[in-house]
Structures are given as C-alpha cells and as structure tokens.
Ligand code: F6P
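Next up: just one chain, as structure tokens, the form predicted on its own.
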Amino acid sequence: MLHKNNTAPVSELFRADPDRGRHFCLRDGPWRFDYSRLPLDRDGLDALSALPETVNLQSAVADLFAGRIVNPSEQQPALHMALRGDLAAAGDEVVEQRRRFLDLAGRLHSGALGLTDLVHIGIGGSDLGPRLVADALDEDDSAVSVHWLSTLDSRRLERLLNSLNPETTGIVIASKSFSTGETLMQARALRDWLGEHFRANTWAATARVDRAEAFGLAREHVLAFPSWTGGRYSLWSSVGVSAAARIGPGLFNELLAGATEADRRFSRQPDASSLSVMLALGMHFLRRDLDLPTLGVIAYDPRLGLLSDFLQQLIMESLGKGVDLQDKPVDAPTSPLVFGGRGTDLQHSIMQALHQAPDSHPLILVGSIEDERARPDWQRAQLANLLGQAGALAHGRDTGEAFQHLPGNRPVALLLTQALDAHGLGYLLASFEHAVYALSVLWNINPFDQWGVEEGKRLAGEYERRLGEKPVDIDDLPE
C-alpha cells in the first residue's frame, strides 16, 4: 500500500502507463468513475481492491439487505432500500404508504388540488435529499412552485409569506419524530398564517402519526413512513412528496428505479468492480493512506449543485464516529470534512487555494456529457472547465515565473454520465449510500446513529429553557 509521503507524482504514473486512463476507471450503470488522477499505482490499486474481502464485506452486505440489526446502538435494521425497491418484501403497509404520497404528488403536480405553491418545512435529511432531487430534475411543468424552509430565518419567512396566498398555498411538514424544534417552530408560524385553510392545505410526512394529529392535522393528511427509516435516507419515503410534486410521480418512480438498480448491483457483487465499493475504496485511500482530512465534491453540471450538501450529511453524519462497534476508541481517521458546490462558481472563489496553497484537498468532479435542455455551447463550456481543472490539479505547471508554477499531484477523480436523468441520479445517490456503508464496514463503525447531534439538541433545549422569554444581555449569557 502506498504511504502518504511516498506517492509517485501522477504525471510520472501516466508516463509509465500510457493506458492508465483505461485501467484506472470503471463503468457501472450510467456512471464512469475515473480515478486515474489519484496518486495510486497498480500495486496500490491491487491492495485496495483486496480490502473488501479482508473485512468480509459480502457478509455485511447480506446482513444489510436481509434486514438484520446493523445499527447496534439503537438495535435497528436499515431497510431504506425497501422503500424504493421491492415494497412487497416490506409489507402491505409500506406499499400503501408509497401509493398515498405519490398519489398526492400527482394531484399537486397536475393542479388538481387548485394549489399554486407548496412550502416544504424540514431540516437535515428531511430537506437535503428532496431539495437536491427537485433542483436536479425540475422540468418546469408542475402546477406548484415548491419553497424550501429549513433553518430558522424569520426574515426569509416573512418575505416568502408576503408573496404567497394562503388560499392557494399548501404545506408539507417533514419530520420523522415530529418533534424537531426548528421544523415545529416554522410549522406553527405557517399554521397561524394559513388560519382556516390549515387542515385542508397541510400534510405531514412522519413516522409519528399521533404527534402530527395532535398538532392539528387530519388523519388522512398524515403521510406515514416506517420508523426504521433513517433521517438521511428519508428521501425515498413520503418525505420525498414535495420533490415528487415538483418533478411529477413519473420521474420520481424513475429515480426510485435507478436507486433499486444500484441496490441490486451492490448486493450481488460488492467488490472493486462496483461503483459503490470503488467510491468507498477511493475515500479510504484518501483519508487513511494519504491522511487528507477533506473531500470536495464539485459539480460541473449545475443541476447537481446541491449534491455536496446532500453528501456532506450522508458522509459526515454517518462516518464521523470516534468509537468502533466494540465501543473502543477508533485509532485512525474517519469522516473527511466534505465541501463543494458548482464548479464554475468555485473557480472564482476557492479553486486558487486548491491549486497552489501548500495543503492538498482531494476532489471528485461530477458532470455530464450531454444535456438536451441546456444550450450546447454552455454544456461544452462546463465539460471543458471540468477537464481543464482536473488536468491542472493533477499535472500542475512548471513553466513561467515561480508564481505561475502549480505543484500538481492534487488528488482528483472524475464522475461522469453521458446524460443526467432521473434513473441515473437515483443510481448515483444509492451508490453513495452504499459506499458509506462499505466504508463503515472497512472502518468497523456504526454509520446509522448520530449521538453527537442528539447531545447538541439536548443541550440546546436546556439553554432555551434557561434563556426564557426575557431580554438577553450579551455579557450575561448562561454558562
């Protein structure tokens, strides 16, 4: 295995292996993952490829898909794959839950309910996945505009409400527990604003039907999903109703089908020929072999501009753990800090530091070759910028004045599809989910709990009670 201080320059690796670009990439489903610009030679690749067998990944994957306990701290399985695949295996109730929320999405999309706007209130997994999907797949053919509320921003809320009509505005409250503080504070404000229209125009996506009803929702307006649905996997449940209302249930079903295909691929062959596993091995190499603490996911298809936000939660909340499955301290790095955004925007902000500053920050550049809805010259410009940045990061520049030199050898991988569609997006998101699970097996940690987040919420509740409703002086804050 290569050592972080003994990696051959990428340019030398290309000179030594003219076919490197063909050998160090894979095609899986609609995606091509090119990792030839990582400082990794053939021996290193062979060693990485052998890792899944050393931790018996096949057995761990079988446990996941069989519904066995894979979240030991909460004694739960992780069955989110059942929400998008063979629902019959999950039971008649789950089949009915999907039918209900997609039926509602279809009526919203078509305008059958007479609503022109839909406000989706949710945070974390109840916001990031659905918002990404709606942004990426929006064909602007829906009767409803969807507005997303996550963080507590009262000024934004007031501006939004001033532009909406309560008679033609619907609300979706997305919260698994129906106890998320930020979500309920905004839901109360919207309940007051809707007034007499609240019960007719509001739906909840939740695992706690009782709490939604206690909040004032009609039972038929509660879109339940199973309690075993993890928050960062809830896109595939009724939490996705607002995205489905915007893109239409047909495209949402294509998204589900793409994710299901990735599920089958990972379950049947969890090895280095799989996109999921190779993404995991690439992240393992960058984090543990090269000891690089960050990972940038940069989109050169603007439809995927929110992908890094989605992956930030998926990767960091899942893998940011300090103890292993035996409750012993982890003696090696775990989650990278994930960042990103839209590529051509970032070229005018952060990319300079990534090219020439002393620190190295590995990147995955994501893009598509074609987009029939985009202006052809704009699409070519996106692809040209992706390839140009990848070349400069990997190979650097040693001509001109010293201030023009680029060190190169900055780890960068390319993740490309011929034409992004709903099926391909579903395949990509599910593949990243499985990559995170594969990494958790390699690192012997639990990817399905988040006790650090829970403690922060607990303390916030205590401080909120201590602050009370009195004015707060900046010099007199509670300890």
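Since the structure is predicted, the reported quantities are computational estimates derived from the model, not experimental observations. Start at 1 with the first residue shown and count on from there.
The discussion below concerns the form predicted together with ligand F6P, not included here.
Figure note: of the listed segments 446 to 454, 43 to 51, 418 to 426, 56 to 64, the one touching ligand F6P in the predicted complex, with heavy atoms no more than 4.5 Å away, is 446 to 454. With a 4.5 Å cutoff on heavy atoms, Gly125 counts as touching ligand F6P in the predicted complex.
The closest heavy atom approach of Ser360 to ligand F6P in the predicted complex falls outside 4.5 Å. None of the heavy atoms of Asp117 is located within 4.5 Å of ligand F6P in the predicted complex.
Residue contact with ligand F6P in the predicted complex: Ser177 places a heavy atom within 4.5 Å of it. For the options Gly231, Pro226, Gly408, Pro77, the one in contact with ligand F6P in the predicted complex, meaning a heavy atom within 4.5 Å, is Gly231.
The contact with ligand F6P in the predicted complex, taken as any heavy atom within 4.5 Å, belongs to Glu317 out of Glu317, Asp289, Asp271, Glu261.
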